[in-house]
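Here's a solo chain for you in C-alpha coordinates, the form predicted alone.
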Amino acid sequence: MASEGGSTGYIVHHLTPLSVGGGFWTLHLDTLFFSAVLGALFIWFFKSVAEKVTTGVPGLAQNFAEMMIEFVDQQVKDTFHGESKLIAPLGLTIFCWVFLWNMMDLLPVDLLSIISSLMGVEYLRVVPSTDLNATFALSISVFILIIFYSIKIKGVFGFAKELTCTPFGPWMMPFNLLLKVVEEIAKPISLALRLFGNLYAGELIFILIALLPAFLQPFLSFPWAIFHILIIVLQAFIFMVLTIVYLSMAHEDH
(Lines give C-alpha, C1' and ligand atoms only; values in the text may rest on other atoms or scores of the structure.)
Protein backbone atom coordinates (compact mmCIF):
# COMPACT_ATOMS: atom_id res chain seq x y z
CA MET A 1 0.00 0.00 0.00
CA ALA A 2 3.00 2.30 0.48
CA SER A 3 3.26 2.99 -3.21
CA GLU A 4 -0.34 4.13 -3.62
CA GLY A 5 -0.32 7.90 -4.01
CA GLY A 6 3.32 8.19 -2.96
CA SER A 7 4.74 8.58 0.54
CA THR A 8 2.67 11.65 1.38
CA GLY A 9 -0.55 10.01 0.24
CA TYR A 10 0.29 6.89 2.25
CA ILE A 11 0.87 8.90 5.44
CA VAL A 12 -2.25 11.01 4.96
CA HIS A 13 -4.30 7.88 4.27
CA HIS A 14 -3.25 6.27 7.57
CA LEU A 15 -3.77 9.43 9.60
CA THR A 16 -7.22 10.25 8.16
CA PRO A 17 -10.14 9.08 10.33
CA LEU A 18 -13.33 7.45 9.12
CA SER A 19 -15.77 10.28 9.77
CA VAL A 20 -19.29 11.49 9.12
CA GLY A 21 -20.81 14.95 9.44
CA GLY A 22 -18.99 18.24 9.18
CA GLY A 23 -17.47 20.98 11.28
CA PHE A 24 -18.02 20.75 15.02
CA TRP A 25 -20.46 17.86 14.59
CA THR A 26 -18.00 15.58 12.78
CA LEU A 27 -17.98 12.09 14.28
CA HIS A 28 -14.89 9.88 13.99
CA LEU A 29 -16.57 6.50 13.64
CA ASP A 30 -13.36 4.49 13.90
CA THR A 31 -12.39 6.14 17.20
CA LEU A 32 -15.87 5.56 18.63
CA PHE A 33 -15.92 1.94 17.42
CA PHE A 34 -12.50 0.90 18.73
CA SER A 35 -13.01 2.79 22.00
CA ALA A 36 -16.30 0.97 22.57
CA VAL A 37 -14.85 -2.43 21.64
CA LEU A 38 -11.81 -1.98 23.89
CA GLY A 39 -13.97 -0.69 26.74
CA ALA A 40 -16.26 -3.72 26.38
CA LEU A 41 -13.20 -6.00 26.35
CA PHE A 42 -11.99 -4.46 29.62
CA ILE A 43 -15.41 -4.88 31.27
CA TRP A 44 -15.81 -8.45 30.00
CA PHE A 45 -12.38 -9.52 31.24
CA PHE A 46 -12.74 -8.19 34.78
CA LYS A 47 -16.38 -9.35 35.00
CA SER A 48 -15.46 -12.88 33.92
CA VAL A 49 -12.58 -12.98 36.41
CA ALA A 50 -14.87 -11.74 39.20
CA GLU A 51 -17.44 -14.44 38.43
CA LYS A 52 -14.81 -17.19 38.53
CA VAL A 53 -12.76 -15.88 41.47
CA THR A 54 -11.50 -18.54 43.85
CA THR A 55 -9.86 -18.53 47.28
CA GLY A 56 -7.72 -21.48 46.23
CA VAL A 57 -4.88 -21.44 43.75
CA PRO A 58 -5.74 -18.59 41.34
CA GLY A 59 -5.40 -18.92 37.61
CA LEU A 60 -3.38 -16.67 35.32
CA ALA A 61 -6.32 -14.35 34.62
CA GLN A 62 -7.18 -13.93 38.31
CA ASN A 63 -3.53 -13.31 39.16
CA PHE A 64 -3.33 -10.60 36.51
CA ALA A 65 -6.61 -8.95 37.59
CA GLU A 66 -5.59 -8.98 41.28
CA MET A 67 -2.18 -7.56 40.38
CA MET A 68 -3.79 -4.71 38.44
CA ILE A 69 -6.28 -3.95 41.22
CA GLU A 70 -3.57 -3.97 43.90
CA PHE A 71 -1.32 -1.79 41.75
CA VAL A 72 -4.00 0.86 41.22
CA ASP A 73 -5.17 0.64 44.84
CA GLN A 74 -1.62 1.32 46.01
CA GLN A 75 -1.36 4.37 43.78
CA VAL A 76 -4.63 5.69 45.22
CA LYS A 77 -3.45 5.11 48.81
CA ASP A 78 -0.18 6.92 48.10
CA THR A 79 -1.72 9.85 46.21
CA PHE A 80 -5.35 10.36 47.19
CA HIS A 81 -5.93 11.93 50.61
CA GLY A 82 -9.71 12.11 50.65
CA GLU A 83 -12.44 9.52 51.05
CA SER A 84 -14.22 8.28 47.95
CA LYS A 85 -15.31 4.89 46.62
CA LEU A 86 -15.09 6.19 43.06
CA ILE A 87 -11.38 6.99 42.77
CA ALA A 88 -9.90 3.46 42.72
CA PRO A 89 -12.39 2.06 40.14
CA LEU A 90 -11.95 5.24 38.08
CA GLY A 91 -8.17 4.91 38.20
CA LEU A 92 -8.34 1.25 37.17
CA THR A 93 -10.73 2.03 34.31
CA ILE A 94 -8.62 4.91 32.99
CA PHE A 95 -5.36 2.96 33.19
CA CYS A 96 -6.71 -0.17 31.47
CA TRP A 97 -8.75 1.70 28.86
CA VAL A 98 -5.92 4.07 27.86
CA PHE A 99 -3.48 1.14 27.87
CA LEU A 100 -5.74 -0.79 25.47
CA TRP A 101 -6.09 2.32 23.30
CA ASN A 102 -2.32 2.60 23.11
CA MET A 103 -1.76 -1.13 22.50
CA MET A 104 -3.55 -0.81 19.16
CA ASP A 105 -0.43 1.02 17.99
CA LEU A 106 1.50 -2.28 18.06
CA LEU A 107 -0.66 -3.86 15.35
CA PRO A 108 0.99 -3.93 11.90
CA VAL A 109 0.36 -0.59 10.21
CA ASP A 110 -1.44 -1.99 7.16
CA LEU A 111 -3.24 -4.96 8.76
CA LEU A 112 -6.62 -3.46 9.63
CA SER A 113 -6.42 -0.99 6.74
CA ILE A 114 -6.24 -3.84 4.24
CA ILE A 115 -9.11 -5.67 5.93
CA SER A 116 -11.25 -2.52 6.00
CA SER A 117 -10.50 -1.75 2.34
CA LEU A 118 -11.77 -5.21 1.41
CA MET A 119 -15.00 -4.29 3.19
CA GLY A 120 -15.29 -1.04 1.25
CA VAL A 121 -14.03 1.26 4.02
CA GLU A 122 -11.47 3.69 2.61
CA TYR A 123 -10.12 5.27 5.80
CA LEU A 124 -9.54 3.64 9.17
CA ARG A 125 -7.60 5.01 12.12
CA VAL A 126 -7.23 2.23 14.68
CA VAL A 127 -5.48 3.95 17.60
CA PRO A 128 -8.00 6.05 19.57
CA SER A 129 -5.28 7.89 21.51
CA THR A 130 -3.92 9.34 18.24
CA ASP A 131 -7.26 11.13 17.86
CA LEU A 132 -7.28 14.44 19.72
CA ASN A 133 -11.06 14.19 20.06
CA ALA A 134 -10.74 10.99 22.12
CA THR A 135 -8.01 12.26 24.44
CA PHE A 136 -9.86 15.54 25.02
CA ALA A 137 -13.14 13.72 25.65
CA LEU A 138 -11.48 11.64 28.38
CA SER A 139 -9.63 14.60 29.91
CA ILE A 140 -12.76 16.79 29.89
CA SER A 141 -14.63 14.00 31.69
CA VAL A 142 -11.94 14.09 34.37
CA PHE A 143 -12.17 17.90 34.47
CA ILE A 144 -15.93 17.71 35.08
CA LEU A 145 -15.28 15.37 38.01
CA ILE A 146 -12.70 17.81 39.38
CA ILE A 147 -15.20 20.68 39.33
CA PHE A 148 -17.96 18.45 40.75
CA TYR A 149 -15.91 17.29 43.73
CA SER A 150 -14.45 20.77 44.32
CA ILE A 151 -17.99 22.12 44.74
CA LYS A 152 -19.22 19.05 46.65
CA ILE A 153 -16.39 19.06 49.21
CA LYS A 154 -15.84 22.81 49.60
CA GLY A 155 -19.31 24.09 48.80
CA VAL A 156 -20.14 26.73 46.22
CA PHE A 157 -18.91 29.55 48.48
CA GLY A 158 -15.72 27.69 49.44
CA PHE A 159 -14.93 26.90 45.82
CA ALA A 160 -15.60 30.49 44.75
CA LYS A 161 -13.41 31.72 47.59
CA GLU A 162 -10.60 29.42 46.49
CA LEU A 163 -10.88 30.74 42.93
CA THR A 164 -10.82 34.41 43.91
CA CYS A 165 -8.83 34.63 47.15
CA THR A 166 -5.83 32.36 46.59
CA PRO A 167 -2.91 32.65 46.48
CA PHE A 168 -2.60 36.41 47.10
CA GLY A 169 -5.65 37.23 49.22
CA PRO A 170 -8.94 39.02 48.45
CA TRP A 171 -7.24 42.32 47.56
CA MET A 172 -5.85 40.63 44.41
CA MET A 173 -9.15 39.01 43.41
CA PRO A 174 -9.03 39.59 39.61
CA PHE A 175 -5.44 38.38 39.38
CA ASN A 176 -6.19 35.36 41.60
CA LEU A 177 -9.17 34.42 39.44
CA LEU A 178 -7.11 34.68 36.26
CA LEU A 179 -4.38 32.46 37.71
CA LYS A 180 -6.87 29.85 38.96
CA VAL A 181 -8.79 29.75 35.68
CA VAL A 182 -5.55 29.20 33.74
CA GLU A 183 -4.46 26.56 36.28
CA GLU A 184 -7.73 24.64 36.06
CA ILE A 185 -8.02 24.81 32.27
CA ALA A 186 -4.41 23.65 31.94
CA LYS A 187 -5.29 20.32 33.62
CA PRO A 188 -7.49 18.80 30.89
CA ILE A 189 -5.41 20.40 28.13
CA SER A 190 -2.15 18.92 29.45
CA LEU A 191 -3.75 15.50 30.00
CA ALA A 192 -5.15 15.39 26.47
CA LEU A 193 -2.16 16.81 24.60
CA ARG A 194 0.44 14.69 26.44
CA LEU A 195 -1.31 11.43 25.57
CA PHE A 196 -2.15 12.52 22.03
CA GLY A 197 1.32 13.87 21.25
CA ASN A 198 3.25 10.82 22.41
CA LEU A 199 1.02 8.28 20.67
CA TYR A 200 0.66 10.34 17.49
CA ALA A 201 4.44 10.57 17.21
CA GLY A 202 4.78 6.83 17.83
CA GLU A 203 2.20 6.01 15.17
CA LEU A 204 3.88 8.34 12.69
CA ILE A 205 7.22 6.58 13.23
CA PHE A 206 5.62 3.19 12.56
CA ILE A 207 4.15 4.61 9.33
CA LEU A 208 7.53 6.00 8.27
CA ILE A 209 9.18 2.63 8.94
CA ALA A 210 6.52 0.98 6.75
CA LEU A 211 7.65 3.27 3.89
CA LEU A 212 11.19 1.90 4.01
CA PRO A 213 12.36 -1.04 1.88
CA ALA A 214 10.96 -4.36 3.13
CA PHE A 215 14.34 -5.79 4.15
CA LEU A 216 14.95 -2.86 6.52
CA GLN A 217 11.56 -2.85 8.24
CA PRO A 218 12.11 -5.77 10.69
CA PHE A 219 15.40 -4.26 11.91
CA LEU A 220 13.68 -0.98 12.78
CA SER A 221 10.07 -1.89 13.59
CA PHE A 222 10.89 -4.52 16.24
CA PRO A 223 13.27 -2.34 18.34
CA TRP A 224 10.86 0.60 18.05
CA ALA A 225 7.95 -1.62 19.11
CA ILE A 226 9.89 -2.76 22.20
CA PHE A 227 10.68 0.85 23.12
CA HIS A 228 7.13 1.93 22.31
CA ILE A 229 5.74 -0.56 24.85
CA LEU A 230 7.37 1.60 27.55
CA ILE A 231 5.65 4.68 26.14
CA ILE A 232 2.30 2.84 25.99
CA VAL A 233 2.44 1.81 29.65
CA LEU A 234 3.95 5.09 30.85
CA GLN A 235 1.31 7.27 29.18
CA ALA A 236 -1.53 5.19 30.65
CA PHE A 237 0.12 5.39 34.07
CA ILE A 238 0.67 9.16 33.86
CA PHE A 239 -2.94 9.80 32.83
CA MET A 240 -4.18 7.68 35.74
CA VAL A 241 -1.86 9.21 38.36
CA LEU A 242 -2.56 12.80 37.31
CA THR A 243 -6.29 12.09 37.44
CA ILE A 244 -5.92 10.81 41.02
CA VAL A 245 -3.74 13.80 41.97
CA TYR A 246 -6.21 16.32 40.53
CA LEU A 247 -9.15 14.66 42.27
CA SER A 248 -7.18 14.58 45.51
CA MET A 249 -6.61 18.32 45.20
CA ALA A 250 -10.34 18.77 44.59
CA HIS A 251 -11.06 16.92 47.87
CA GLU A 252 -8.79 19.16 49.93
CA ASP A 253 -10.99 21.42 52.06
CA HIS A 254 -8.99 24.46 53.09
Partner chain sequence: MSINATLIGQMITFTLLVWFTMQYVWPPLIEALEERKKKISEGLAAAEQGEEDIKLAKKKAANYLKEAKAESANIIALAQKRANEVVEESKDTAKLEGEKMIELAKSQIEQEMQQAKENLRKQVSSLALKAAEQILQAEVDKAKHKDILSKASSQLG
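Residue numbers count along the first chain shown, from 1. Here the structure is a predicted model, which is why all the values come from computation and not from measurement. For clarity, a rigid core is taken as the largest C-alpha set superposing within 1.5 Å between two forms.
Just so you know, the form predicted together with the partner chain exists too; it's not on screen, but the next bit is about it.
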Heavy atom distance at most 4.5 Å to the partner chain in the predicted bound form, all of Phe148, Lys154 and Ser248: no
- request: May I ask you to state whether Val49 is within 4.5 Å of the partner chain in the predicted bound form, using heavy atom distances?
  value: yes
The partner chain contact in the predicted bound form: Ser117, any heavy atom under 4.5 Å: no
- prompt: Do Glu162 and the partner chain come within 4.5 Å of each other in the predicted bound form, heavy atoms counted?
  reply: no
- prompt: Are any of the heavy atoms in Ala137 no more than 4.5 Å from a heavy atom of the partner chain in the predicted bound form?
  reply: yes
statement: The one residue among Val109, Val72, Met104, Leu124 placing a heavy atom within 4.5 Å of the partner chain in the predicted bound form is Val72
query: Though the partner chain is not shown, can you say which of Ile43, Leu212, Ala186, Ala201 has a heavy atom within 4.5 Å of it in the predicted bound form?
result: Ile43
- prompt: Where, among 163-171, 84-92, 178-186, 109-117, do residues come within 4.5 Å of the partner chain in the predicted bound form by heavy atom distance?
  reply: 84-92
- prompt: C-alpha of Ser48: shift of 2 angstroms or more between this form and the one not shown, rigid core aligned?
  reply: no
